[in-house]
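Form predicted alone, single chain, as structure tokens, below.
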């Protein structure tokens, strides 16, 4: 099944295509199609898309080998058949049933959940459940200690052995800049604030929970982002899900990337606005929806939309891709739409100054209407923020549910974020922050290059610290996670329904705290397990993004 392609910069967009294609180069093993380089990249540095990109932009999404795709579908089919067989055996009490069931005295009630919805969990997920929720008993830094456990009922329950697996290289946490520590200046500053303020606030920002630390953090975030004002929240997920409904409502149109995070999807649905989906990172698809929205207006009435809001992420956490922000901004300006940018994974991890995808592309922060991000990754804290104009932030202070009803951020957590952010900015008088940003970029490029050379299929942008390694087959999801833990490498494996059914993967997250020796050790073990499980599928055969099958059907919600 084809996926996207590679190229230093995207193309195929009608409003920029003419400028992009002038002086296009020839490729020996392929040609240009829809503005994309097929099966190759131009050897010389080219400024594509009318000069929107100031730096090379390279993303690779290699085609799934046909045989692998067929075997993956067969694997899921066989698992499904055995699942129905086991359900039959459970129904006749031949096999013991471990999953939750309705009580006998409630058999005639309407069920709280549909039994089929639990089919995947009990028959497929349970087979590999031991790869998740592993209890960590140390600081989640570059190495972790994991409590050993076993199961005697096929992963329905677990028991501890009493032993600890020490020194596991952590390749799964979002600790991009290595600030998840229990020692050092961040931890020491947080400890001082804990003594002074305590652990919790027990009130909302609008009542008795607005501390000077919160005010200090918000001023620092605004300075860091280069915007007029910012507001912080105690939970990153709620930053999206509770603020989008305050920004859009009935009569508004939300255009959302098909691979947006669940928090963005939930926020869009809660808003009551009409939602339409565009193909992942595809500007032709986005422009088509924008043009149709302007021309046709709202369904049935054909009145103009009250507002159009585009939702995108900086780094997509499952694909490892980076948003084509220069083009999104160009389209947003052309069609007078608003842009909501989620920088949960990109803030701190991208750009020469660690200020996210806007810094990475060298753009003006004022071109992004709503800048959102979280403190849970690069800053080693918790919570999220919204940055933008003072008018926007003042509005959210009055209308955001997170402001009115959510408990304020814990003071020690706020101090952790303040200290780490000052370090990244160089406001602490050291160059440690910049060194960590540079080290992360170096580690990312090295790790991605080595995996590609080994023959693995790797998704995403060459500068993204999120590195998906394709596993495909369901049996290999559990096998890869277990074999890597045996070799003291902690990884995250992901499968359906979190990914498309034939695109199961292991997702590595590179950190500035990883030394070259750690990365080399991890790469050696990954290669060893790759040979054992025959995971080196790469044929370096790429397919243009616009050739990827896409359902143009859009869904709309809460229409009159």
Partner chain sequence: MFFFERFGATIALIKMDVKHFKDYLSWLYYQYLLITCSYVLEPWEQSIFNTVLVTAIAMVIYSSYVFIPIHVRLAVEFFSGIFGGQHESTVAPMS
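Residue numbers count along the first chain shown, from 1. Being a predicted model, the structure only gives us computed values, none of them experimental.
Below, we turn to the form predicted in complex with its partner chain, even though it does not appear here.
Taking the partner from elsewhere, residue 520 is found to have every heavy atom lying beyond 4.5 Å of its partner chain in the model of the complex.
The shortest heavy atom separation between residue 158 and its partner chain in the model of the complex exceeds 4.5 Å. Although the partner is absent here, residue 483 is a contact residue: one of its heavy atoms lies within 4.5 angstroms of its partner chain in the model of the complex.
Interface residue remark: residue 533 is counted as part of the site for its partner chain in the model of the complex, having a heavy atom within 4.5 Å. The contact residue chosen from 473, 329, 242, 467 relative to its partner chain in the model of the complex is 473, the criterion being a non-hydrogen atom within 4.5 angstroms. Note on contacts: among 406, 128, 253, 451, the single residue with a heavy atom within 4.5 Å of its partner chain in the model of the complex is 128. Not one of 189, 193 and 202 places a heavy atom within 4.5 Å of its partner chain in the model of the complex.
In summary, the region of this chain contacting its partner chain in the model of the complex, judged by heavy atoms within 4.5 Å and restricted to 168 to 176, 74 to 82, 455 to 463, 321 to 329, corresponds to 74 to 82. In the model of the complex, its partner chain lies beyond 4.5 angstroms of every heavy atom of every residue of 343 to 367.
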